[in-house]
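Heads up, the chain below is alone and in the form predicted alone; it's given as structure tokens.
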């Protein structure tokens, strides 16, 4: 049988006295598209930040592609990972953030080539060739020499996706990638995610409030509340026939706000 590419085992995470994740366990299979939904503050983004090694866990273990993420072996014991281990581990993972996080003083193509050149030692001509291929894929080849300030929000987010793809990750994390966009720009970003799903074999984890997109895009949906998975299943089951009353109440509010499911 195929092994999970991500194994999250009984992890917990607290910020001070606030427990954000509470004994969480998730297996994600290769090529799976997983949507994480739930109210703000339920722990969804924290999971992505932990997978990206931007936050440390308090308890538990995580494996990415069979290797420990937050720990490493020393003298036959698992100990917290050092920075070198974390840097190597996160090369398998790409993340696209809510607010783009592009370097404003660098051109579009430099934003994309910087990480491959610095972290993987890719020669600049090779990195630039790959960057142009990615910009072409997201429909922005003509913006390569431009600066982020010259781009719309949707264009910035598509550059951010190209930048994450430049490191050729096995896992892509998307954190509310449309929530900072004007409504008319949302579709152009979601169409790129659809394109990735058909043209690559990447595993994708998506935190989103775009319930209609999650319904159509994901293989599986996890509903979070207070750091725990309250309900999980196929999109049709979660969105059309949720079993848990907390899930029902959340989706009722989403519909009342005028969102499509």
Ligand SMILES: Nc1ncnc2c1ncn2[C@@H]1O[C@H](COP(=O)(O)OP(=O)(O)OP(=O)(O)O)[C@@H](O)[C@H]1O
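Numbering follows the first chain given and starts at 1. What you see is a predicted model, and the numbers here were worked out from it, not measured in a lab.
One more form of this protein exists, namely the form predicted together with the named molecule; it is left out here, but the text below deals with it.
The stretch from 230 to 238, 56 to 64, 34 to 42, 214 to 222 that comes within 4.5 Å of the named molecule in the model of the complex, counting heavy atoms only, is 34 to 42. By the criterion of a heavy atom within 4.5 Å, residue 11 is excluded from the residues contacting the named molecule in the model of the complex.
In the model of the complex, the named molecule stays beyond 4.5 Å of every heavy atom belonging to residue 188. Interface membership of residue 176, defined by any non-hydrogen atom within 4.5 Å of the named molecule in the model of the complex, is confirmed. With a 4.5 Å cutoff on heavy atoms, residue 20 counts as touching the named molecule in the model of the complex. Along 193 to 213, a non-hydrogen atom within 4.5 Å of the named molecule in the model of the complex is carried only by 209.
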